[in-house]
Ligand SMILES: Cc1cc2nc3c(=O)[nH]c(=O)nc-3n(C[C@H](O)[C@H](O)[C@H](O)COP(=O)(O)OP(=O)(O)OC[C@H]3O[C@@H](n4cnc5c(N)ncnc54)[C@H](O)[C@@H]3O)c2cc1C
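Below sits a lone chain in structure tokens, taken as the form predicted alone.
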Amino acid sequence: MRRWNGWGEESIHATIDEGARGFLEEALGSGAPPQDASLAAALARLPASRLSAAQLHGAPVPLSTEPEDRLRASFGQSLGDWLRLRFGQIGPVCDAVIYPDTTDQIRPLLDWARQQDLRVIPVGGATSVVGHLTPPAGQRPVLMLSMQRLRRLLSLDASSQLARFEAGVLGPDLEAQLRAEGWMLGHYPQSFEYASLGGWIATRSSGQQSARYGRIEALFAGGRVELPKATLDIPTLPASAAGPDLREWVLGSEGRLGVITEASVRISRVPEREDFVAWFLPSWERGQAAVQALAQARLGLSMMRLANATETLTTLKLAGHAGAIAWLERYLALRGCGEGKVMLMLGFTGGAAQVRAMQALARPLLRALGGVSTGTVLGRKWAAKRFRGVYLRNALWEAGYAVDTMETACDWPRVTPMMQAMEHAGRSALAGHGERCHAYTHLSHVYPQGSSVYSTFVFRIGRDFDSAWARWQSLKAAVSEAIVREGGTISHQHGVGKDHAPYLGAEKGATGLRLIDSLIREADPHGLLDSGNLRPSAARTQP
């Protein structure tokens, strides 16, 4: 059973040992977990559905107004979502959830919803961390369109290396259906276990091994989108110079233009060999020089993940196994990687000869910068738990600490200043509340032009909802402002949602925003899909 107020399955429990707890207490002070609201108490706070009996019986597909269905569909995984659920400050929820069994049911459903003057928000795996699922305020009832039953593999074209899926398929199910035929997609965001294909496309997702397989925009080859007024079919073509690419209109549209019902994706054969190898370098400067050089050499690595010194230290402290970690620290220090060292995880994927060749090319470059390899030991541990690290959020909450993340991307000259500005902004924001903030950063997606910058912020939750919410809001605003001030995108991989929407203009400019608004008005003049994601609500034509 999936948790209703945290991450993942209820049966999976992450823990932090006494050494890790002591590390956090030294950095932040003793944590005091608040008393979580019970599910029953949270459900008791839900307002009644605003849908009439006639609307409930007249829908082309049965609706659910069950309180737990409505609650679960209205929350993602942002810290704001967690705070509202954990403290029982529920706020707005949808009025009903609908679960179509086939993609053919979506067109009549949208037509009916427009006639009833409803708002519709598509929901896949409910893993958003930027407020996508929070129902907008207003008098119009909100219907959540759950895609969870739409998960079939529709076709597989081995000759063109294309597979077509219903867009509600979740990551593990998608990979299992492909691997049964000897294929894979290779899109592995941290939320892989619960995120959907349609959600990846709608938010321009990036996976842990996108350096090999491509971000979702490279994988999305075409598909079908049900717009409020019509159906948009996008054919699969290897390339086209025939005007603007309609796929780009759908990518990152965040449910504002239409509902992605089917998607064709570019697939790959399952590789013969895959090694994840951990390297340590003496300093951040050398670590950044290493990943920049590797990216610009275009060796074909599937992953480069560079943790700064604080993240490296935190990872080792929270790993447990104090004796083994102490031995590792002594060994690295003897090899020149002592205090201030950084950890670099590299992925080598492909044929056996290809993997050996990539490693042979990367090794002298890393050694010239003082790199020390620990082989595949740490890499195998990372791969085995690559989707379990996020469960640490649950354990930290139970110890009295909140976790939030912010991410961006920028060109190489801005990477280190960006990292420093984001971490400083987070620490300063919490200092304004008399609190400390443990901030650390990694580069998870590295390009010849620049890199993503992904920062994590850990701080004490607070004694009540108001204090916890104020701390989070201050952190979110300060770091977002630092990102746009330093010239980064407001999101490299999480999307815009409602939380980042105020900062979109810094990247798009006034003209760009007007173009986006005009596209939304053309696709959805009645505001059927007006969720408030990406862009604020606008004037609409009455249905």
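Just so it is clear, the structure is predicted and the values come from calculations on it, not from any experiment. The first residue of the shown sequence is 1; numbering continues from there.
The same protein also exists as the form predicted in complex with the named molecule; that form is not shown, yet it is the one meant from here on.
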Seen with the named molecule overlaid from its pose in the model of the complex, and using a 2.4 Å cut-off to backbone or C-beta atoms, this pocket is open
* Asked: Any chance Ala293, Ser302 and Gly379 all have a heavy atom within 4.5 Å of the named molecule in the model of the complex?
  -> no
Contact test in the model of the complex: Asp404 vs the named molecule, heavy atoms, 4.5 Å: no
task = May I ask you to state whether Ser49 is within 4.5 Å of the named molecule in the model of the complex, using heavy atom distances?
result = no
TODO: Check whether Gln190 has any heavy atom within 4.5 Å of a heavy atom of the named molecule in the model of the complex, and answer yes or no.
DONE: yes
Exercise. Mark Glu423 yes when one of its heavy atoms lies within 4.5 Å of a heavy atom of the named molecule in the model of the complex, and no otherwise.
Key: no
The one residue among Gly258, Gly347, Gly462, Gly80 placing a heavy atom within 4.5 Å of the named molecule in the model of the complex is Gly258
Interface check vs the named molecule in the model of the complex: of Leu178, Leu306, Ala195, Cys337, the one with a heavy atom inside 4.5 Å is Ala195
Counting only non-hydrogen atoms, the one stretch of 369 to 377, 96 to 104, 198 to 206, 462 to 470 within 4.5 angstroms of the named molecule in the model of the complex is 198 to 206
Checked 468 to 501 against the named molecule in the model of the complex; residues with a heavy atom within 4.5 Å, sequence order, are Gln493, His494
